[in-house]
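Heads up, the chain below is alone and in the form predicted alone; it's given as structure tokens.
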Amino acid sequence: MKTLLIKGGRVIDPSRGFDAQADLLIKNGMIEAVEKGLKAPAGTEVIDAEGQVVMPGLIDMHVHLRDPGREYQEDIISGAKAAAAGGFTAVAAMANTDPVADDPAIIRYVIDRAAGAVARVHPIGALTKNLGGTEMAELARMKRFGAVAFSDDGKPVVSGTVMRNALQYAGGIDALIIAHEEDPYLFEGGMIHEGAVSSVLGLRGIPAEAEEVMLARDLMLLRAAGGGRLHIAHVSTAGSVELLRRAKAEGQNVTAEAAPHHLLLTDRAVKNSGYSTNTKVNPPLRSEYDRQALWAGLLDGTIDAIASDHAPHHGDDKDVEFDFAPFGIAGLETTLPLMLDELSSGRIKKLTLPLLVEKMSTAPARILGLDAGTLQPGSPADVTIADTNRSFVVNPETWHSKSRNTPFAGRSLSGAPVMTIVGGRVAMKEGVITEQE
């Protein structure tokens, strides 16, 4: 494995409060040193990062890779390539595959398949058998085989008894539960956010309460469990942000994430796009009030992480009437450019680059318990290099993902990843994926 010396970049490492121009030396797949004026040992490959940002490898803690079972939409290898192209060194793959990742054999399959991938893929096991919501899956065994968390994401756990038991059990084995908060009865038949836009368009709405009542229940169950760790996926409403803020103030062990599409778009995107099915997502794009509340929660620490909720679909599946299209946006290759562009725009006054890095690297690593999210010497050399001034146009036709479903196609952005290094090996350089040797 080559020794790499990254010279002259702005090195940001939120794990230890480091933000300065410095060099970074990688040797034997590990971070060897981070300081100014490092000399290159003989045979070292020198990477000029002047004017660029060097950060701990980004981690997307919420992706759907469809493998096994629906590999025509995405698979572990193509998803890892899309991740590396987007600046992510690691992803956590949800369990709603076919068959469902609800036993150690599927967890082992994901890990073995990912051994040949250009980015790290960490499996998330199902919380209940076959995502049925009635019988808890074998969490302890799946954890021993490598599952980093447990979730029925894509479906809520409707039974309060099952969720309470799961939180209590997970607390005993130090396992993380990721909750998809949705009351199916309030959600039933909904297409977009319930509000003025849904009324004008004549589409059945999904009320904010569909998310909030389930979140309130699970926070109560977490408190009653007296232990356990709960993470809330794709928070989308102002009410949810306030519930989380109160829970954290009480000292509850809860974390949360927001997705770029909820931070950047509202339900008006459905109308303005002419009912494009690429704006159909679950939870739905909400109101401007909700969007602003998400940013406030991100800035004050109520929301811990940014995750893409990468949900790839084949073009034929999306090219139908709005009512019949599946929910989901493919986001691995747009998340970092979208966030860098929002930073450069100055629209969010308190948003800083170190904060973005923390939300996309250090925090996800901490929540999932990964040995990542840091440039501390002695750590695995997972590194992302980005150019905050690089012009970037969202062009799905050039993606490494198998899917093209995005509402951001054609958007011009400022900021893009230029290199992704995984375990000391260059996985992506200037958009080109380097295959495993």
Partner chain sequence: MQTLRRKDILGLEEMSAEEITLILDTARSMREIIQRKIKKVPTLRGRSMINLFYEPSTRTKASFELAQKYMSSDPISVGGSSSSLVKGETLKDTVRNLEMMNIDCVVMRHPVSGSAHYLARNVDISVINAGDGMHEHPTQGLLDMFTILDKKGRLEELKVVIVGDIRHSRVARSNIWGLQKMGAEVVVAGPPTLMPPDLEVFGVKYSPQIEDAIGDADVVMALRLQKERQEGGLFPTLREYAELYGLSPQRVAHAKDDVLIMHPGPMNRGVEISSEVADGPRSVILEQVTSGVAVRMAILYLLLGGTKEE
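Computed from a predicted model, the values in this text were never measured in an experiment. Numbering follows the first chain given and starts at 1.
Keep in mind that the form predicted together with the partner chain is not shown, yet the notes after this line are about it.
Remark: all three candidate residues (Leu201, Tyr275 and Asp319) come within 4.5 Å of the partner chain in the predicted bound form, counting heavy atoms only. Note on the partner interface in the predicted bound form: the residue among Gly195, Gly297, Gly154, Gly146 having a heavy atom within 4.5 angstroms of the partner chain is Gly195.
The listed set Lys129, Arg366, Lys271, His314 contains one residue whose heavy atoms approach the partner chain in the predicted bound form to within 4.5 Å, identified as Lys271. A residue is said to contact a partner when one of its heavy atoms sits within 4.5 Å of a partner heavy atom; Phe324 meets this definition for the partner chain in the predicted bound form. Residues placing heavy atoms within 4.5 Å of the partner chain in the predicted bound form fall in a single listed stretch, namely 275-283, out of 275-283, 120-128, 219-227, 332-340.
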